[in-house]
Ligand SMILES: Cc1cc2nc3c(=O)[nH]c(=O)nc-3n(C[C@H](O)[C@H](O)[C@H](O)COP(=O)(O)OP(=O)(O)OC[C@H]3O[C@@H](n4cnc5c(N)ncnc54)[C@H](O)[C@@H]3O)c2cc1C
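Below sits a lone chain in structure tokens, taken as the form predicted alone.
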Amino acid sequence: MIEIKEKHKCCGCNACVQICPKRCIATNEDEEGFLYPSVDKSVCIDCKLCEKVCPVINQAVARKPLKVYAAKNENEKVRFNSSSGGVFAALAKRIIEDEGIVFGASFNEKWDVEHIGVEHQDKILALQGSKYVQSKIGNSYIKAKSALKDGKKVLFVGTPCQIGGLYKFLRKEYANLITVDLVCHGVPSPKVWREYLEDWIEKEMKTITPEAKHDAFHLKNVSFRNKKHGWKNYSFALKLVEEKCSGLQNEFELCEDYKDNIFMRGFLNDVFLRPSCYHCCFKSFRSQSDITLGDLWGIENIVPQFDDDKGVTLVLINTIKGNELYLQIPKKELPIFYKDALRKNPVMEKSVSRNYKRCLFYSNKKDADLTKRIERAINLKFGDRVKNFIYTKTNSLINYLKK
């Protein structure tokens, strides 16, 4: 029976929930906004399937990629709508052309992030773009398994822990399955995302029209990585629609540099990531994915002739199966050395450090202002920075000794 005693030992992949033959495992959101499984012991038959499919309990071995590339989608429009170089969109298009199904993270009608499956090319756009919130896997492993058993090609895209969970859930190899994971910094809290989104829209709409009512505005689009000012200097952008009494609509796009946006600053300073992200057991390609995708940061020093500041994908081919699919897509590419890619993407092998003031951020219930709570956690005084440094190094040593 799965029992979470230490929260950093649960990545939230939902494999245990989906495998349970008695459906006696449910997920509940904790005070930080993350989902954790809980078992109805009165129904549990102690089959231990939940433990057998847990990718944290049953960790895979570390690997190195077979090949590494800098790559771009040949379609400039597709590349612009992607976070990096648009390689995922090309992979997804190829699978759908073969009448397959692609699973990935999408916003729902409430702007929460959840995994869905798509079978038409016009739906690929919903899966494109970074979404810096932990997605709800739901029953997508069950749906993927059903499609695989029906003989369909399946492309499943997710964070390394989600891919690790999928493989443990399936418990066998499928020739028609291709998995793609992402170079993952960590997953922020859905609860913090909901709180931020509501606060930001409230504040921003007052700058547009102070007398407007909140329910007059509707969110039309969210982009964590808007490239209007370039790929390297990306923006956080929201598109809002104001409904007028006359029936007319006003559309507004609100952009903020990622270095100024408070949610992005909190995310990049590791304030509200899932506890397991600070102890990630899927680094060094332990997810067993076929392909890993990310941003090729530092490209100006690696292959400057390939840099146009419109986005370049770092492609890491981990298996022969992954290489076969990659060879089928049209793209512009250059081979590069893994060590060069690792220099600017250290999270491929190392977990981020827990922010020293993370506990303060979550425990300060008296202050309802999310912006102030994040600011306190990231704008550290000199003494706090020293404490943060000692805290980080101590935890790194503890994690090293545990290995």
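Start at 1 with the first residue shown and count on from there. Just so it is clear, the model here is predicted, and its values are computed rather than measured.
Although it is not shown, the form predicted together with the ligand is what the next lines describe.
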property: Any non-hydrogen atom of G266 within 4.5 angstroms of the ligand in the predicted complex; result: no
property: Contact flag, W297 vs the ligand in the predicted complex, heavy atom cut 4.5 Å; result: yes
property: 4.5 Å heavy atom contact, Q128 and the ligand in the predicted complex; result: yes
property: Contact flag, F306 vs the ligand in the predicted complex, heavy atom cut 4.5 Å; result: no
property: Which of 98 to 106, 318 to 326, 195 to 203, 146 to 154 sits within 4.5 Å of the ligand in the predicted complex, heavy atom basis; result: 98 to 106
property: In the predicted complex, the one of V183, L170, V222, V118 near the ligand [non-hydrogen atom within 4.5 angstroms]; result: V183
property: Position in contact with the ligand when the complex is considered in the predicted complex, options S135, S189, T179, N226, heavy atoms within 4.5 Å; result: S135
property: Contacts with the ligand in the predicted complex, stretch 320 to 346 (heavy atom within 4.5 Å); result: N345
